[in-house]
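The data below hold one chain only, encoded as structure tokens and taken in the form predicted alone.
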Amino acid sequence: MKPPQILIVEDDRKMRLALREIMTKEGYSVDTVETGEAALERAGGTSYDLVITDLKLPGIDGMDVLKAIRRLRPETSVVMITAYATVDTAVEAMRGGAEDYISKPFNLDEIRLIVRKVLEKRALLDDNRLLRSQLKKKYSYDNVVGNSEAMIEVYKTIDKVKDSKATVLILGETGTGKELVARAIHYNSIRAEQPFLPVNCAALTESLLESELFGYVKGAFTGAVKDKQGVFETADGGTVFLDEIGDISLRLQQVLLRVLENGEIQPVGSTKRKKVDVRVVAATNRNLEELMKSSEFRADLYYRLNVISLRLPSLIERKEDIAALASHFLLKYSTENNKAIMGISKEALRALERYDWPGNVRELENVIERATLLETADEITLESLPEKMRASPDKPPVVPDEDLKTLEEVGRAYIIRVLEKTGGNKARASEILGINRTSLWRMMQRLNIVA
């Protein structure tokens, strides 16, 4: 493997040679120059991993070198060294994009540690760029992470429907990433250059939601002092994402159905209709078919929305994606918080994979963000995870001591106990029983188990 390449920019000969010796002993490939002009000439022809530059240089100074490197080679990290440390110069250097700032005289161990952390962070970013490039080439969907069979099916469906005008209904539990998938559909479609506007239908009252979606005209209600465009008109040519579609009123369902059927909106208080070209993607964590049975959701709107149905698996259904998701979030939050955390310990990863994740991907993201902020080591350890994840996993429930006469009765009792223990979570129950969900469902049907 090629060693990291470092360029040292230092006009003091003794300091330059000392830094070269230190970095060479660390196993790095090192070049040295005396001036800022020479540094920019070298950087123009070589892609260095790290430039260590003195602030005070003859001619072009270190700050100018920093700015030029950030412009010419934005992937190259820069560390500033100076004997003239002030708060202002430190702030200016960090704002200019320097990874760190060291004052002379410095401790040798200190500079070794800083250089190691900067290069490790760069390596992590490079690995992530490569992974993203590979995933994007294969699926072209940033931020939708996962290589499980269930997620591969999601990618395939997105790829098939992305350029159509058909409405898409995304189903899945809270926190499974429904909006991310909606964005993936939009930003990989022929509408990508046009607006993507999300609306949380559960967050607004009926009247506010109607005016938010379709706009209103001056005088439509108290406070309507001028005309206002709604989301559908603003998103003309693009995509409207209707989240929590199962929570809208029956009256608004009828209005929305008319919009989907004829492509026309009618602002609140107006007698005129406006034609719009909008692709609708809707999502819900509710069972719309059950809502239809109880007359809480219109069947005609359901079938209009459900042209393409896309179900997102819960996190416990794709536990093989937990490691990839955790690494994705670790990179995100270690970068945001300027922390050089390189990975996740085996013990911590086992705890993450053992947990049931009732909050799905969103809960995992929150856990990794918390761990990134609390962690003081160079990897996420078990101690930085919430206490409920550090505890030993519960043992599978045992069969009761009742006088059971047949193997079928024993099996039925055991399945019922497992389902009770998991709160009816069939994915978790399947895992404990060592069977897939389809087999569990068939056994429940045969043994007349309701859960």
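All figures in this text were calculated on a predicted structure; none of them were measured in a lab. The first residue of the shown sequence is 1; numbering continues from there.
What comes next is about the form predicted in complex with a small molecule, which is not displayed.
- Screening 377 to 385, 346 to 354, 179 to 187, 94 to 102 for residues having heavy atoms within 4.5 Å of the small molecule in the predicted bound form returns a single hit, 179 to 187.
- Judged against the small molecule in the predicted bound form with a 4.5 angstroms heavy atom cut-off, the residues 318, 325 and 362 are in contact without exception.
- Distance criterion of 4.5 Å from any heavy atom to the small molecule in the predicted bound form singles out 145 from the list 209, 145, 169, 81.
- With the partner removed from view, the residue among 372, 285, 77, 314 that has a non-hydrogen atom within 4.5 Å of the small molecule in the predicted bound form turns out to be 285.
- Although the partner is absent here, residue 151 is a contact residue: one of its heavy atoms lies within 4.5 angstroms of the small molecule in the predicted bound form.
- Although the partner is absent from this view, residue 270 stays clear of the small molecule in the predicted bound form, with no non-hydrogen atom inside 4.5 angstroms.
- Residue contact with the small molecule in the predicted bound form: residue 175 places a heavy atom within 4.5 Å of it.
- The small molecule is not shown here, but in the predicted bound form it comes within 4.5 Å of a heavy atom of residue 244.
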